[in-house]
Each structure stands twice: as structure tokens, then as C-alpha cells.
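Both blocks below hold the same protein chain, though in two forms, and each is given as C-alpha cells: structure 1 and structure 2.
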Structure 1
Amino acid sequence: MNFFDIIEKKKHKKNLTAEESDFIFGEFAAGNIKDSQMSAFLMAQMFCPTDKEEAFNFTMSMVKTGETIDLSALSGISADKHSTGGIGDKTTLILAPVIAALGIKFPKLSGRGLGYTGGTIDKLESIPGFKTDLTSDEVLRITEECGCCIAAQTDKLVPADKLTYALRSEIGAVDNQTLIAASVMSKKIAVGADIIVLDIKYGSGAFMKTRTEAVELGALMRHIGEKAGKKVSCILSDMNVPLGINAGNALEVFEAVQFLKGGDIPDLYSTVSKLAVEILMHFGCNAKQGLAKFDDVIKSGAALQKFRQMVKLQGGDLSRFEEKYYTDDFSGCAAILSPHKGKIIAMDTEKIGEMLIWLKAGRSTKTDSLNYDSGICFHRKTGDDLLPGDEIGMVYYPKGYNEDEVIERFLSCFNIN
């Protein structure tokens, strides 16, 4: 078998066998297939119809290129979650301690953000001292002790995905269902949790632009996970509007803490509680019982206590983090007021994502440095009525930025009529 046999098949829109799939991903990870060749393969794949078995083969071939984590040392059943990324998506920060407080283990390996969908690891690193580069043993020890741990994915886990994803970003081959499903599920299977819950986003700020595409992607990922012996559930969420109030690394941690303290943030509540309920349904709860359990661990403070414990075990200082917020120690901050009377007809989440990168709250390339403090608070969202001068939001921006430009960019993300 060689690369040209494979590209020939792809040129004719044929699906690869398991052996061919092992060859292309294995040889690429081993450095025996050049980036130019792999790019041709990936672009050809973009024009092939989605096939469930091929997506499963790609997933398992990628898993084989790296290490896997053995969670059998943990007592009890473990759950994991993946979101396909969205503006203001801080659900992992809340779900991890909630699930731990419910007695289910939640060892989570996350990535750093690339593009406008921020990474959970970047968010947590805005807490002074918080360590995300942990060994597998440390992840297991912390999870066993407090029920949850959120650490950075190492380069040894699914190296074929890391290399392939970098190429896909460079050549515009990210938004393909087979490639996304295999990329996400290979990492979930390598980590090895028994239950996987997926949050598939759709809308302007998401890879899947329509709900129908999101449903298809969810079904494909579920097929892959179940064939690999996992219990998989899936929720869909609308990314035409940012999730919650804040977008930006430290701002999102702060919002997650407020939520765990009982803060009323309806859309965030809806998404996180659905994810928790999906996990609890695998333990025999119905939706009503699951929601009651979710509410209990928030109301009792048990989930907040788990979050504090996890931060402490990972070296972070949450009190120092919170003090900073109460003293408003930011580089620059602009309140954005409505220029006229009207209604917010729509928010352009993709454009908001681009603004977050401009603010250095997200990265456009992997080497970009971040400003943890910068970001946006949305005080009004789609559907809200405005009077002239009403505060639509607040933007925290890095030193040296021009306030007028900050305001202009923010307002250009809104359609107010």
C-alpha cells in the first residue's frame, strides 16, 4: 500500500478500509507522509460523502498513533464531555464540579483555544498558580481525591489528530463532519471515560451552521462512540447568541464561580443542566430526577466546594483571583451604550469571536499570546429592547487600545433596529 493508492480512491470519492485508514494516519504520524500529501488527502476528503464506518476507522486509526489513559485505577464510573466550541462556553468549568459532587468521576483533558472558541485550559490558567500540565498519574490522583480534574491534553495523546488538525486549520479543511467526528472522538476514546456527553453547537459562531448539520454530526459521533463500547449522549445548542454573560478567559471563570454560587444565568443553566442530566440518565435517573439532583448540588454549595478543592489541588489560588475582580484591576474598560432606541435583531457571533481574538482573549495562531483579563460582558442580547443610552455590554481591553475603536467594533457585531 502507498499514498498514491489512497489518494486515487479518494479522488473517486471511495471510502477507505480499516487497513487503509491505519496506513494514512499511522504513516503521517510517523513522518512518512509529507504535509503536502496529507493536505491533498484531507481536501479530497472534504468532497467525499460522509460514511459512518469510514469515520469510525479514521477515529480508531488516530487513537492507535498515541498513548491512551487507563482509568481503571479510578473507583467508580467516569464521565467526559466535549463541546464543539462556542463563544462564552464555560460549561466544563461548571459541569466538572457538579458531576464530581454527584459522586461520578470526571477526569477531563482539554485543549488550548485556537480560533475564537476559547479553550478551557486557557480559562483556568487565568487563576493564579493553576497548573494544567499534569502527568496521567497526577490526573488520576486528583480525580480520585476530589472527583474531577481538568488538565491539558499532552502531545502524546492522539498525535495524528494534533498534526492533522493543524494542517486542516491551515488549508481550510476543518468544517467536515467525518474529520470533526474522528478528531473529537479519537481524543475521547483515548482518555477512556465510560460515558461521553457531547454538546454540538450550531449557528453563526459554530462549525455547524445549521441545526440539521449538528444533528447529523451528533449521530455520527454517537455511532463512533457506541461502536467503541462507550455510552454516548448528545445535546444541541444554539450558537447564534453567546452563552451566558461573559466571553474571555478570566471573565468566564468568574461567571462560572458566580453560577456555582447560585447566580441566575438562564441560558447557561439550561445548557449545563442538560449536560448533567444526560450523564445522570445513564445512572437510571429520568430528566426530572436528574434536574433535581443538579439543582441540589448547586443549592447546597457542594459543587462550588468541589470546584474550590479542584483549583487548590491543581495549585490555583481562587481567593486571589476573586479579589482581583472585586478591585476591578483591568487594563481598560469601556461601557457600550445603545446609540438609539430599538431592538437587538441579531448578534453576529462569528464577528464577536473575531473581536475576542483582536482583544487577545483568543488566538488566531497557536503561538499568539493571550491577555487573560480581556473580554466582553453581554448585558443585553438578541430580542432585547433598547432605549438610547442603555448599556448593551462592557468590553475589557488590553493597554494601548483605542476606546473609540473598541466601541465601534462591539457595535458592529449587533443588528439593532
Structure 2
Amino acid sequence: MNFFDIIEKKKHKKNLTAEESDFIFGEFAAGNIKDSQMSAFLMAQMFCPTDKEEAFNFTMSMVKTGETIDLSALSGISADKHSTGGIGDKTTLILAPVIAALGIKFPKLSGRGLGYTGGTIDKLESIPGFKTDLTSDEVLRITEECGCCIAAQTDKLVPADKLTYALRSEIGAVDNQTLIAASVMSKKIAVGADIIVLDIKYGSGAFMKTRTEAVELGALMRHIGEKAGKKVSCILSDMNVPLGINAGNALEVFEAVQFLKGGDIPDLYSTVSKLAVEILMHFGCNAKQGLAKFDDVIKSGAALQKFRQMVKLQGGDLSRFEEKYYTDDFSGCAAILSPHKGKIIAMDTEKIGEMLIWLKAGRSTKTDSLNYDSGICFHRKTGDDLLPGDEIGMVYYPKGYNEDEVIERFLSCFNIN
């Protein structure tokens, strides 16, 4: 089989066969296809219409390039979750211990940030000592002991996806439904959970800009999962506004802990509770019963205890996040005040994501280093009325940054009228 023939086929917007799909992803994972060649294939794919069967083929080809995790050793049913990415999306940090507290196993392999959307592994690695590079046996042991485990995707698990995922970010080949669906579902299928719930984001801060695109992507991923023998459901989330109060790795861990302690964060509650209910409905609960169970493990502290246990088992020290997130390591902190009276008409969430990259809270390339303590706290959002001098938010920034530029960039993300 010839790689150049496949590129030529893609240039003419033709779908690949299962065999051709196996060839390109298998050879790329084996190091026999250069990044420059794979980039040509990925860019050609960007201009091809989505096809359900090709997306399924891509998914299974990626799965074949590495190991899979056999969850049959775990007692009980297992569930998994994936979000298509968003600003301030710390839902996994909350959902994992909630589901574990409800008696359902939740082993999850997550990724690092791609573009302006944060990665769950980046957030967890802001916890001192937290170990994300685990073997399959360690994931199973920790999950069996406390009910949940969140680890990084290893080089041996879906290596074709890990390599392709990083390359897509560098060449601007991110927002393609076939590639997104195959990337997400290959990891979900390789991990082997019985139930998969998907959080499909749409809006200015998401890869899918419209609700229609999000619906299409959800249907595509559901098709792939069900064809692979999984129970799949999904919710849609609006990402025209950042989720929750904080955006930035350590700040989001702090917010997750506060939520698990019963903190009132309405939009975060809405998203996480919907995801939990979707999982519980596969166990015979209706929406009302599922929500009651969710509320109970939060109010009782059972979910918080699961999170603490998971962090400890993975070597982490959560003490800095327990009471008040300390700011000793911040090089700079700027309170952003409203310049005049008005209402926040809109927030440019994509622009906020770009600012987070600028603050080193996210990556523009796979080799970028992070400042885990950088980030933004949103004290006001779209629809809020403002008086002159009202605090809109707080920005924590690295050493050497100019405060006036920080303030200017932040205010440029808001339409205040």
C-alpha cells in the first residue's frame, strides 16, 4: 500500500477503506510515516465531509496501534466520560469522585491541553506530587480501591492518537469532526468502560462553534461507541461563557475542591449533575432520582472523601487546596475593574482561551511549558450589570508580565455596554 496514493485519494475527498485506515495510522505509530507526511494527510482530511463509517474505521485503527485495558478484573460496572474541551472545564475532577461515591467504577485516561482548551492532566499535575503516569495495573488497583482513578494516556495506549493529537494542534487541524470523534472514542474504547457519557461543547470557546455542529458530533461519537458495543449518551454544553469561576490549572483544582465541599457554583452544578444523571440512567434511575443521588454524595461529603483518597493514592498532597488556595508563588495579581457603568453583553471565550495560553496556563505547541498557578477568576459574567469600579475578575500572571497589558487583554475579552 502506498502512502502517496492515500494522500491523493484524500485530496479528492474520497473515504478510506478500513485497510487503508489501518495502514496510515499503524505506520505512523510505528514511525514509518514522517510528521510532514502525516500533516499533509490531516490537512487534506480537514476538507473532507464527515462520514460515519470512515470515522469508525479511524477509531478502531487507532485502537489497534496499542494496548487496551481489560476492566473485567474490576468488581461491578465501569463508566467513563469525555468532554470536547472548554474554558474552565473542571468537570472530570468532580464527576470522577461523585460516580465512585455512588458505587460505580470510574477509571479515566485524560490528556493534556490542546490549543486553548485546558487538559485534565495539566490540572491534576498542579497538585504537588500527583502522579499521572501510571501503568494499566496501577490504574486498575487504584480504581478498585477507591472507585476512581485519573491517569495520563500512556505511550502504549492508542499511540497513534497521542501522536496525531499533538500534531493536529501544531498545524491547525483540530476542528474536524471525523478527527475529533476518532480521537475521543479511540481512547474510550481502549480503556474499555461499559458506559461512556460525552459532554459536547459548543460556542466561541469550543471547537464546535454552533449547537448544530455539536449535535452532529455527538451523534457521530454515539454511532462509533454503539457500533463498538458500548452504551453511550451525551449532553450539550454552552461554551460562550467560561464554565464556573476559575480558569487555570491550580485555580480549577481549588474550585473543584470547593464544589465538592458544597460550594454554590450554578453553571458548574448544572453541567456535572447532568453528566452524573446520564450515567445513573443506565442503572434504571430517572432524572429526578439521579439528581437526588448526586446531591446526596455532595452534601454528605462522600464525593469529597473519594477525591481526597484518589489524590493520596496517586501520590498527591491536596493540603494547599483544602482551605484557601495560597498565592505565595504568584508573580503578579491584577484585579480587573469595570471602566464604566454598563452590562456585560458578551464574553469572547475563545479570546479568553488565547489569553490563558499567553499567561502560560495553556499550550500553543506540545513542547510549551506551563505556569500552573497562572489563571483567571471570573467574578462577573455575561448578563451582569456593572458600576464603575466593580471588580469583573482577577488575573494571576507570571513574572515579567506588564500589569497594564494584562488588564488591557482581559477587558478586550468583554463587550460592556
Ligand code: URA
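Just so you know, these numbers come straight off a predicted model, no measurement behind them. For residue numbers, the reference is structure 1: its sequence is counted from 1. Between two forms, the rigid core is defined as the largest C-alpha subset superposing within 1.5 Å.
- Between the two chain copies, the one drawn from the form predicted together with uracil (URA) is structure 1.
- A movement of the C-alpha atom of L16 reaching 2 angstroms or beyond is seen between structure 1 and structure 2 when the two forms are aligned on their rigid core.
- After superposition on the rigid core, displacement of the C-alpha of S369 between structure 1 and structure 2 stays below 2 Å.
- In this overlay on the rigid core, F378 has a C-alpha that sits less than 2 Å away from its partner position between structure 1 and structure 2.
- The shift recorded for the CA atom of F47 between structure 1 and structure 2 is 2.8 Å, with superposition on the rigid core.
- Its Cα shifted by 4.2 Å between structure 1 and structure 2, S36 is reported here after superposition on the rigid core.
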